[in-house]
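Only one chain is shown below, in structure tokens, and it's the form predicted on its own.
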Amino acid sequence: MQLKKNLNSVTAFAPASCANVAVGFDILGFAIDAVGDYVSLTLRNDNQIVIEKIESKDELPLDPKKNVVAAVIQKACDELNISQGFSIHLRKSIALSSGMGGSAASAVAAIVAFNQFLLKPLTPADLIRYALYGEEIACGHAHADNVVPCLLGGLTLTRSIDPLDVIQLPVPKCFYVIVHPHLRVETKLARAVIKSELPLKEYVQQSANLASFIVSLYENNISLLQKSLTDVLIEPQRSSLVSGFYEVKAAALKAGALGVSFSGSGPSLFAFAATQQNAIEVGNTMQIAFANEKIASDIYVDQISKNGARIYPAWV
């Protein structure tokens, strides 16, 4: 694989993401363009993959074998027979173990930046495959519900990973609220609390909710969307991982939220609201409810963006 000439440095941005979207465990996700990770790659004169700098509130490994960004680039270089070295600068704006797709964003930003150097760019399917490798390193499971919307933008449904089959769903004409409490929930722990067997009655109800949610998107039916956003399978099993979860959810629904649940494996929560003003009110209400539990939090309010990971002309 050949590299482009006269290109020395590239910076990529990858947005955060909300996985599951209440009713689509491991298959649904949407991009949170209000926050994300940046990866800058600069050519080196040797063949080494070196992490030069990490800007993050959390401590991250500099060891290339343990860092998602370096591991993804190294795997791509190995498989594509590229001997070029790269220096890595990571600016991580997504908190670790926040339920906002932090590891996915780092992996996606890395492979998107790397792809810009290639004379023959990788396909979206290949980019996803490399990013999934990063996810597996980070949390032991190559789930695509964060990686896919992070890379492609919008609201996505991953029907299959092998072979890859992704459906871009219509974006609902409403606003999302993401509230990130200053807690950490490790993905491995959040998955460990889920039972391996589920009651048939609840599975049927969840399937009906998922189906009607998707119908609501194609029909632009906010009323149906509101009735569909109820997670009867996963949410009850994970609620104990976040103090005051049901109090925060109740406060959001009382403030007019169309639906509330975990963003990914938590502790962040997402909600949908019909208008921007109502979304702000819902977010403030959720933040107050967390404060009542003596938990500080951050709020992000926006519409779902169709923009996924992308190249920046210079370091931001």
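The numbering used is simple: start at 1 and walk along the sequence shown. Treat the numbers as computed from the prediction; the structure is a model and nothing was measured.
Missing here is the form predicted together with another copy of the chain; even so, the following discussion is about that form.
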Close approach of Gly85 to another copy of the chain in the predicted bound form, 4.5 Å, heavy atom: no
Contact test in the predicted bound form: Leu80 vs another copy of the chain, heavy atoms, 4.5 Å: no
Contact of Pro199 with another copy of the chain in the predicted bound form (heavy atom, 4.5 Å): yes
Contact test in the predicted bound form: Ile27 vs another copy of the chain, heavy atoms, 4.5 Å: yes
Candidate stretches 179-187, 88-96, 226-234, 126-134 - the one whose heavy atoms come within 4.5 Å of another copy of the chain in the predicted bound form: 226-234
Selected contact from Leu241, Ala138, Leu210, Leu152, since only one has a non-hydrogen atom within 4.5 angstroms of another copy of the chain in the predicted bound form: Leu210
